[in-house]
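Consider the single chain below, provided in structure tokens and representing the form predicted on its own.
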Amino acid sequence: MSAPTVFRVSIRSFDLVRLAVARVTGWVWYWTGNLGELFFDRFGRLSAIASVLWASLALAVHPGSWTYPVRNMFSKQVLFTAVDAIPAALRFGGAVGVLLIVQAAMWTDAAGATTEIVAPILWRSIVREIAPLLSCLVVIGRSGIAISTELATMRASGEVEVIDSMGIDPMTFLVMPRVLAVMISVFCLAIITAVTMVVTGYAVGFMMDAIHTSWNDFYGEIASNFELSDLTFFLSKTMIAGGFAGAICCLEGVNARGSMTDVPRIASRAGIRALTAVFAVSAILSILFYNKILVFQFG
């Protein structure tokens, strides 16, 4: 091969390498930019949720915030979110309790184990994970989406601006009572759900002859596994998850853009984001408390 030919081949090879490097560099910059944009978007959204939650708690401890309209709004929201949701919590708790306890009793009975092994599993799974999640699902599905729909409708119709122009703080009047009501409702409904799951599961399991012990022995096994950390975990999990759910639903509604036809889309998005936050908060708290996502430590 002559020298000019070798030179042309070398130049062509160099151009191909340069083109490949340019394409790889462009691909890296493209995906780096997308990841950076996604990171800042998620960070900004999380900061907004944390700000709404913190502002709600700060306003709640200030006595001057609790004017008559705010107290009236808070009591109505608690009535709608907690009291009116009790039948739904009973239905969900009863159904899941039967499925969980009867199945656990039947499998342990088939394996030759006793109820002494079933009780700790039920206690820890119900109190630490299932009851708080079920109560959050009930509150978000029944009230969280309704809250975002109501606030988005008020924003689209200009009612939020009217309230602000009258000198009434929308954060104090619209957001704070709803966030607090959701937090308290999740905690109360989680207690009702946990009790319903245990009682209904035992009753159905006893009638189906899947549980061969008395209620006193069954309850004694559950009570003997009670730990102070369970109460701390249950309280923090329900209140924090409920706070995030309430803040997200209120934030999506207040920040709504568009016309009335966009309200259903905003409400659906608020429900999905609230559910995602509840599962994420649940997993993070489980890791922080027990160094595991699901904890089943016996003895």
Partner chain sequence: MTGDAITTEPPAPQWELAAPILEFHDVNFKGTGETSIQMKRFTGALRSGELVEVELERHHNPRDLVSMMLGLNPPDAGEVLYDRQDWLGTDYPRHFQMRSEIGRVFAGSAWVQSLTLRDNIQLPMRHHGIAETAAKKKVAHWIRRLTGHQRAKVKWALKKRPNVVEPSVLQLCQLVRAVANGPRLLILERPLRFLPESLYDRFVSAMDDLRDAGTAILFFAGDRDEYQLKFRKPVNHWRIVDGAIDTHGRRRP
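Only a predicted model underlies this, so the values are computations on that prediction, with no experimental measurement involved. Numbering follows the first chain given and starts at 1.
The discussion below concerns the form predicted together with its partner chain, not included here.
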Candidate stretches 135 to 143, 90 to 98, 215 to 223, 161 to 169, one within 4.5 Å of its partner chain in the predicted complex by heavy atom: 161 to 169
Partner contact for Q103 in the predicted complex: its partner chain, 4.5 angstroms, heavy atom: no
Exercise: S229 in contact with its partner chain in the predicted complex, heavy atom 4.5 Å: no
Partner proximity in the predicted complex: T67 to its partner chain, non-hydrogen atom cutoff 4.5 Å: yes
4.5 Å heavy atom contact, S157 to its partner chain in the predicted complex: yes
Listed residue (F173, F206, F74, F187) with a non-hydrogen atom within 4.5 angstroms of its partner chain in the predicted complex: F173
